[in-house]
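Quick setup: one chain, the form predicted alone, written in structure tokens, and binding and motion questions come after.
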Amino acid sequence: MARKILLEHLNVPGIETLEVFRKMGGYQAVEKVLKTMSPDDVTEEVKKSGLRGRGGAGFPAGMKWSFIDKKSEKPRYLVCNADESEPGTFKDRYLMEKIPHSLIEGMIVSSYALGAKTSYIYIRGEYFYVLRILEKAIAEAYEAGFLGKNILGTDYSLDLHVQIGAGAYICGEETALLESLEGKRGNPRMKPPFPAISGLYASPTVVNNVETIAAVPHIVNMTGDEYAKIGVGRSTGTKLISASGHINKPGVYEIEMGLPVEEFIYSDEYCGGIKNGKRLKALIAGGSSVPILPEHLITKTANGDARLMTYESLSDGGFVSGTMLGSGGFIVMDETTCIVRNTWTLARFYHHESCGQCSPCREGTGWMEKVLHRIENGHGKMSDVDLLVDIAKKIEGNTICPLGDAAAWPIASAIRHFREEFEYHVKYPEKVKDPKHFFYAPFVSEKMNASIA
């Protein structure tokens, strides 16, 4: 049985309440840091732990904290990014819904380390019911003296607020989130300046993901050195994975970094194998914005090494033969999946969610959707396949925020690994439209198609 940290007490009845959470050791980290540690001590423990941002980028959290402008006379802010909008990712919702006090305790400890006296949780609009759960838990924390003035009799005070968004994927980008939090349209900002220098209300700000913040109290309690012993290399600790798709046991799993991808897919402890005994075809390992991997690169890297659930192993080989751990949105696809249709669905999403601020993203995502639509519906041309690759290249790296890259990478990788399937749609539009072949559209090759026909 794998070690659990964030979800250790998940099944304890009443764990969502402050009373039960405290019985399970909750808020011990708050008492420890306020009474025995300085803010710099807390930051140092997070650095030692090797904790990396769990929202997608994987940037070292302690290093990010150290960038905050401590010389500024302006107030400092901690903002929790709970705008979990990445398709295939739902682990933050699960954590907030089941153990809300784990996030609140993390907000208190992290705010203390940063010197923030006011902090915010920005939650996506579709999580309205989770908002009510958080508000109830925050009220309990205020009543117990863990929030408000002079927490636990010390000179540290903190006010914590929850702000609900309007359901815009772009607000998952930290500067767009800050714009929205200020009451503006959620458009990403040009950087620099970075939020650590000029963030919320032009003040020093740190934006961290729900899972990242929730891990901080555990690091404080066990020490950073002990936390760093879990995992492999620079991928330390545990990670929450949102597993979905054609698997027998979809859900949220906490894994130790370094678990083999093959074990995660086929072990009864985790995904339980491919549903209905089908063959594994493809995988999106870190949410819809990361490159897709074909079956032969899922369990092993291009060098033949076992593919591990770590930042480094999943990215081994770059985007030619690797992908990213990202947000941990683990989407498994079996042999009946039509890669073309799947890619078109993703293109529709990114076109819809583009803020429109950058021309390459605004226009490029629209063109990719249109081209994929005609290929999927039997009106494509062979030149359309290369056209998609060209559009993706012109978007990548040419936008203010990473949404452009997020739209380009899945399409470029899908064509790189499944080009025959795109060409099949162009060559045999009448077969793709046929109900029988529509279900079995995802042929890896024409030979495989012929064997089924």
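Note that the structure is a prediction, hence the values are computed from the model and not measured. In this text, residue numbers run from 1 along the sequence as written.
One more form of this protein exists, namely the form predicted in complex with a small molecule; it is left out here, but the text below deals with it.
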Residue stretch of 143 to 151, 203 to 211, 217 to 225, 108 to 116 approaching the small molecule in the model of the complex, non-hydrogen atom distance within 4.5 Å: 203 to 211
The one residue among T337, S85, T301, S235 placing a heavy atom within 4.5 Å of the small molecule in the model of the complex is S85
The listed residue (T343, N81, T323, S288) that reaches within 4.5 Å of the small molecule in the model of the complex by any heavy atom is N81
When you measure heavy atoms, are Y94, P250 and G328 every one within 4.5 angstroms of the small molecule in the model of the complex? no
Whether P402 contacts the small molecule in the model of the complex should be assessed with a 4.5 Å heavy atom distance threshold; does it? yes
4.5 Å heavy atom contact, Y169 and the small molecule in the model of the complex: yes
Would G56 count as a contact of the small molecule in the model of the complex, using a 4.5 angstroms cut-off between non-hydrogen atoms? yes
Is K64 near the small molecule? Define near as a heavy atom within 4.5 Å, in the model of the complex. yes
